[in-house]
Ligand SMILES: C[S@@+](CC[C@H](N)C(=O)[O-])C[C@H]1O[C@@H](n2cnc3c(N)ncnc32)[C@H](O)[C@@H]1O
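Here's a solo chain for you in structure tokens, the form predicted on its own.
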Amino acid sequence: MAHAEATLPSMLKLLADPTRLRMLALLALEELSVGELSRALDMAQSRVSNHLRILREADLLRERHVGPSTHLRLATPGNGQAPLGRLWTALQPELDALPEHAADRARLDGLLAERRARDGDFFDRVAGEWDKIAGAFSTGRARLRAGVTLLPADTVVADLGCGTGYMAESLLGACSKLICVDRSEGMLEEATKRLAGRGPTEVEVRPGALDALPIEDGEVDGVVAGMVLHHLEEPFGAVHEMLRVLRPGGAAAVLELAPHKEAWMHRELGDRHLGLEPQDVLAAFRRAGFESIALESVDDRYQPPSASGDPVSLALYLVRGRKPRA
């Protein structure tokens, strides 16, 4: 039942089912795999799959495939302007009144806590070997360029998702203070080892997530995020945080992977996304409120060692922008 051809009775029938409403209410909040959705609903996966088939036919789902898993999120048809979209928009404020919604939300919160812990465990586990499994570049100039083109030396710069400090290393001597942020304690330990006693730059490490940075409003003159957004489930929320922590006139630089097809990187490198479209990153900068936004190519390739041993060489790009001075 494609929504463009749906009759009013069929649309009402689609959204009248309480199970489908519960599913849509959760998928409006979070992208979930089919298994996670079943757990959040406390419902057999076969039953969930039957309802998902109906919602797919109505174009109410956005899908992303990660290996054998399918991840789902609400996709309101016509951005809420089509008849089915308008019906869904009208129903949304009433979803909290569903008898099962509070329990669904509690189970969802538990799932998300497990997911965060699992992600943190992965990076803690591989921190000591991270440079070997994910630190290979053809020239290394991309990381250097992203770091040193930001601001004059007498500045405070934050390296977001610093990992083992490979990006921060290029900033030593280029700023007066360097704040290294990562959610993995293991990665921060490796960064501390790498950066300790390396010149006049003051280095401070802070544990924290990129969508809730442990940095005060306007505390830094520049931020750099090197090869980190594609590790985030929702990569573009971090861009809003970048703007918040910058002083007026401060600059942000994001070094990222162009889209590719190396699916093994989900498992081996903890990548959530197989690269990001440059236009999506540019759009995130515009939505956040940056100005003087620029997309630049870089004379470098990412060359991680693959499990198969086949050579891999992936394109990189740089997006920069400034926080308005006013």
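We number the residues from 1 along the sequence you see. Computed from a prediction, not measured in an experiment: that's the story for all the values here.
Another form exists, predicted in complex with the named molecule; not displayed. Remarks below refer to it.
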| item | value |
| --- | --- |
| Residue among Ala191, Met167, Val223, Leu178 with a heavy atom within 4.5 Å of the named molecule in the predicted complex | Met167 |
| Selected contact from Leu72, Leu195, Val126, Ala209, since only one has a non-hydrogen atom within 4.5 angstroms of the named molecule in the predicted complex | Ala209 |
| Candidate stretches 91-99, 245-253, 224-232, 104-112 - the one whose heavy atoms come within 4.5 Å of the named molecule in the predicted complex | 224-232 |
| 4.5 Å heavy atom contact, Gly85 and the named molecule in the predicted complex | no |
| Exercise: Ala142 in contact with the named molecule in the predicted complex, heavy atom 4.5 Å | no |
| Contact test in the predicted complex: Met187 vs the named molecule, heavy atoms, 4.5 Å | yes |
| Heavy atom of Ala158 within 4.5 Å of the named molecule in the predicted complex | no |
